[in-house]
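Okay, so we've got a single protein chain in two different forms coming up as structure tokens, structure 1 first and structure 2 after it.
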Structure 1
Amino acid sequence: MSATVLDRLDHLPRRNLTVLALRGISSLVPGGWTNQTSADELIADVLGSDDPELVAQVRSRADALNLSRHEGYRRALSLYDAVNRSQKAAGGLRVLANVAGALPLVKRLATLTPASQTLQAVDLSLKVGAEMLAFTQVNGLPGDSFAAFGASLTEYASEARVRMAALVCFDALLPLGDNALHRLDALLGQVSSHELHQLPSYAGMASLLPGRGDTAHLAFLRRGVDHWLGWADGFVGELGLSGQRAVRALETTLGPWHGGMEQLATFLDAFTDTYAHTGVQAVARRLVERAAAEI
């Protein structure tokens, strides 16, 4: 990854399916979400000043931190990128060509065949695992800092909070139903090594997970999910999230959806980059906050 985090922020799309999906789901989250696509504007916002010289100083310091081998910013971003590639691979396998679309915004949308519920649960656990590992990289913590990760979720705001709302809605409530969070551990307990290797997302993430072999990886993922669930259950209750509310929110930006919820989840996997998009924004914000504090 040659581009710096701030370079990547400058090149994020201002409007595409990912942005529209995030805008839709952010309507359910207090404080919403701003699609930040300018490093200089982010720096000015963090500083509370748009003085060009000061902005340039902070950007220079941020780029130096980004490029340091001892810092975890690039490694954190590589985790979000891995999730994104794996998500598209998994979604793409379930898209069969040339059947009338369910979404007017897309001229040709395939028939969408959801994965089994156990594989959906593993896919969700991989994203939670990537989120935890990215958190530890940015904060210089060991990769097994489960308790610190669970505690940090209460402090998530802006793009990080909306990413979690998208994760809960797109990867739990839509494909697995409104009681998804209460079924996750049982579903993960049913996963075999054979099923695990059917997932492109596991193939893409396995080398990044702590431990050796499928058993160790599943144990890590289940433990990460366990710490995430305590927060996620309260988050769902606090915001009154449900699959139907998620669909209605997405329809305000994407247009009417005429398929099932599981199909919508598969569509979002195949055609949006919510994790990578908000991951760049979140890592950039943390990087700028540190750089500004050091100037």
Structure 2
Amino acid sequence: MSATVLDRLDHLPRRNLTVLALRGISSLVPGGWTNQTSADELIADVLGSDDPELVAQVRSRADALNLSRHEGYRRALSLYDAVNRSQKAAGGLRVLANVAGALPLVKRLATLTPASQTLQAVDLSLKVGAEMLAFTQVNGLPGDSFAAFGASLTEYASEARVRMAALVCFDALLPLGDNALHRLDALLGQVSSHELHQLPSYAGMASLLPGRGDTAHLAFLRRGVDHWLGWADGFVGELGLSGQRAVRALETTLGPWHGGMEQLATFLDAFTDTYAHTGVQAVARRLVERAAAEI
């Protein structure tokens, strides 16, 4: 069996490319971001007390909750992992294509790699879909009314601001340009089920998406993205996000970048785990909040 959420939190990196990229992006988000990598600190923070006995109780309760299939915390993490794996695989392919394109003999290989813009759009929509599914897996359907549920979503989104900023910058603004959010729907309209199957994360998520068959899944993803776009548009406007600003923010932590924005996005996709990293932190927090309430 895989490691528990809290064990994974304890083993998150304190300083690597992922952390640096997230720290760079978080300079654009008010409130910033702390790289929480200690389960005991998180528990003490939620509980407002660092009594070792209480912390141990919360921890064992959290592990019990984490082990249970019906509770969904593990499933949410496996969603984030699937998305992360897919991102790395797709990023790796594109890095390979860039390298291969420069070598005369294998140049033809480069034409085999998938058309990047639509694929990028599908990748983004899968991430948004994964985010929604993970929300319901972790939190259930809180509140008795749509208004209460909406408030709950907004609350979650503001807690996950840095992940959302990373999602918007790394997967939309950098690879697709500043008007990415307005083009997204048109791009998704061109997607065929063949292209959907080229993404490894789709295979992992297909069973969790509502509806049967690729067309139903695509329709769900488009609807999900449609809802998300309304929020994301406001988010981008509020923080004044743009490709240029994202690059500048990343340069403060990663060092100067001389390539294009698209290459930067490819590089980040292939070599960072932003999704799994922030995902573990978000799930761990909600899990600990619940365990602290139940001990």
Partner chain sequence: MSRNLRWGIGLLLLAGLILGAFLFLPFRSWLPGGSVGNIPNRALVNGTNFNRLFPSPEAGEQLVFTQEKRGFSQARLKRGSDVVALLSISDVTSSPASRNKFIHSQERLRSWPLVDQGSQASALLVADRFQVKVIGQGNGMDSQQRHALLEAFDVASLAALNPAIAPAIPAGREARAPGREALAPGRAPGLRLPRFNREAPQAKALPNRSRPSLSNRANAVLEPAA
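Note that the structure is predicted; figures quoted are calculated from it, not measured. By rigid core we mean the largest C-alpha set that fits within 1.5 Å across both forms. FYI, numbering is relative to structure 1, first residue = 1.
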The same chain appears twice here, once per structure, so which copy is the form predicted on its own?
1
C-alpha of Ser78: shift of 2 angstroms or more between structure 1 and structure 2, rigid core aligned?
no
Following rigid core alignment, is the displacement of the Met205 C-alpha between structure 1 and structure 2 equal to or greater than 2 angstroms?
yes
Could you tell me whether the Cα atom of Gly189 shifts by at least 2 Å between structure 1 and structure 2 after core superposition?
no
Can you read me the CA shift for Gly140 between structure 1 and structure 2, rigid core superposed, in Å?
2.6
